[in-house]
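Next up: a single chain in structure tokens, the form predicted on its own.
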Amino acid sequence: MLDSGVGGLTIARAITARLPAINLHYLADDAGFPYGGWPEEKLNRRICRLLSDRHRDVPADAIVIACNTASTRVLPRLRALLPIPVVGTVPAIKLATAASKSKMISVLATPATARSPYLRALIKQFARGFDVSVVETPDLAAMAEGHFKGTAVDRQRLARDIAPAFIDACGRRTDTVVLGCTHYPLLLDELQAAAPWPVNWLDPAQAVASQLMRVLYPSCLIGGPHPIPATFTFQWTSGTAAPELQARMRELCLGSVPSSPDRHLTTGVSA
């Protein structure tokens, strides 16, 4: 798995819950955080190099890009480069249309994702007849990253950032908000508190976990060839995570997995 930081842990949590016997290696490219400000070609080269190196050192059956920005920019090149399946993460537009009753949907996303042709294509394909508002939230990923590491959230600022996603017009209200960045679910409690009215908050974690299951076990024999105990390892491009951060990772990603003394979390330094 790859993300620019801890946001991909929301995807890892869903995967370990659905596939508790999986061997999962998580690469946090925190030296490149946030991805939203990178020029597309430069980001392509960086991610392709990182994952080519990781696949050489840690041979895998599949790769999960646990980042909307990276997925909307890099997936085609990665799939051409690597000899294994690559599962991406994209805004849950199709799920949102199924959940919305008012047919008013908003998408919270980083600027890169919000402006991507991929997102426009998803909306055109799945949301005909719906009013979809795409709201750029350039500071939310950093807010979530900091919150996970112990920094308090400025709730007034958060409320201002998400306010454009809540539209009340012509007797209808936004009733579904797509979380278009894997970092955003880390702020779910704060988002709910800051929202002017209750909405469905949608993230793609379960859909990504389901797609990975289909890729790894096309015969639907869940559990496959990997016996418990499985491993859950982390690497950081800037260095080793602090012990308190490791504990939070373990709690988030392994809290719903059956206890095993052999299942473990380690950290290291990525090339």
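Because the structure is a prediction, the values reported are computed rather than measured. Heads up: residue numbers just count along the shown sequence, starting at 1.
Below, we refer to the form predicted together with a small molecule, which is not included among the displayed structures.
- Residues with any non-hydrogen atom within 4.5 angstroms of the small molecule in the model of the complex fall in just one of 29-37, 231-239, 48-56, 206-214: 29-37.
- In the model of the complex, the small molecule sits within 4.5 Å of a heavy atom of residue 141.
- Interface residue remark: residue 181 is counted as part of the site for the small molecule in the model of the complex, having a heavy atom within 4.5 Å.
- Residue contact with the small molecule in the model of the complex: residue 110 places a heavy atom within 4.5 Å of it.
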